[in-house]
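Taking the form predicted alone, here's one chain by itself in C-alpha cells.
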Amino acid sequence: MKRILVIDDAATVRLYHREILEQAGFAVIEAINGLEALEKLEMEGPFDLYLVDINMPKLDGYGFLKALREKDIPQAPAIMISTESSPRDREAALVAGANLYVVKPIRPEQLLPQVRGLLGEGHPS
C-alpha cells in the first residue's frame, strides 16, 4: 500500500485529504507543519508521495520541500496544495521541489487522478 504524508496545520484539511486518500486505498500519515513532517520522515519515511500546504507555523511548505530534496533518500513526488493562487506562488513551489501545484479546495475527482498519476498508477478503470 502506498504511503502518503499529508502536511497541513489545519486539522479539518488533513481529515478531508485523509478521507479521500484512504477511501482510494492509500495509507495516510499526518503532520501539522514542516518540522513535524521532517521528524516523521526520519522515523517512518521515506514516503511514496507528499501532500504539502504552504502556510504553516515553525516550517512552511517551501522550507519542508527544500529540506526534503536535500536529503540523501529515495525521492518521491510532492503536491503543493494551498489557497495561494498567484503565478509567483506556483513558481516558488516548483522551485522548492514540488512536482505539482494545486489550489484549495480541491475535489476528490481532481485530486485522485493527480495522485495516481504521480505514483505511476494511471487512472482507475
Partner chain sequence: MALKKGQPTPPCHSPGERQEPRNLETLLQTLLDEDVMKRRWAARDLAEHPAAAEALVTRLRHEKDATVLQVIVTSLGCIANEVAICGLIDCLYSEHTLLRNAAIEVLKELPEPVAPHMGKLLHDPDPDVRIFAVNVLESLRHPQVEAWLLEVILKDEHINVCATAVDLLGEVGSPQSRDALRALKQRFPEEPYIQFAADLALKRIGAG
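Numbering follows the first chain given and starts at 1. What you are looking at is a predicted structure, and each value in this text was computed from that prediction instead of being measured.
Below, we turn to the form predicted together with the partner chain, even though it does not appear here.
J.: Would the partner chain be touched by all three of Ala10, Arg88 and Pro108 in the predicted complex, meaning a heavy atom each within 4.5 Å?
T.: So, yes: the whole triplet contacts the partner chain.
J.: Hey, in the predicted complex, is Tyr62 touching the partner chain, heavy atoms inside 4.5 Å?
T.: Yes - in the predicted complex, heavy atoms of Tyr62 and the partner chain come within 4.5 Å of each other.
J.: Might Lys104 be said to contact the partner chain in the predicted complex, defining contact as any heavy atom within 4.5 Å?
T.: The answer is yes: Lys104 has a heavy atom within 4.5 Å of the partner chain.
J.: Can you work out whether Asn55 and the partner chain are in contact in the predicted complex, taking contact to mean some heavy atom pair no more than 4.5 Å apart?
T.: Answer yes; at least one heavy atom of Asn55 falls within 4.5 Å of the partner chain in the predicted complex.
J.: Determine whether any heavy atom of Thr83 comes within 4.5 Å of a heavy atom of the partner chain in the predicted complex, and answer yes or no.
T.: Within the cut-off, so yes.
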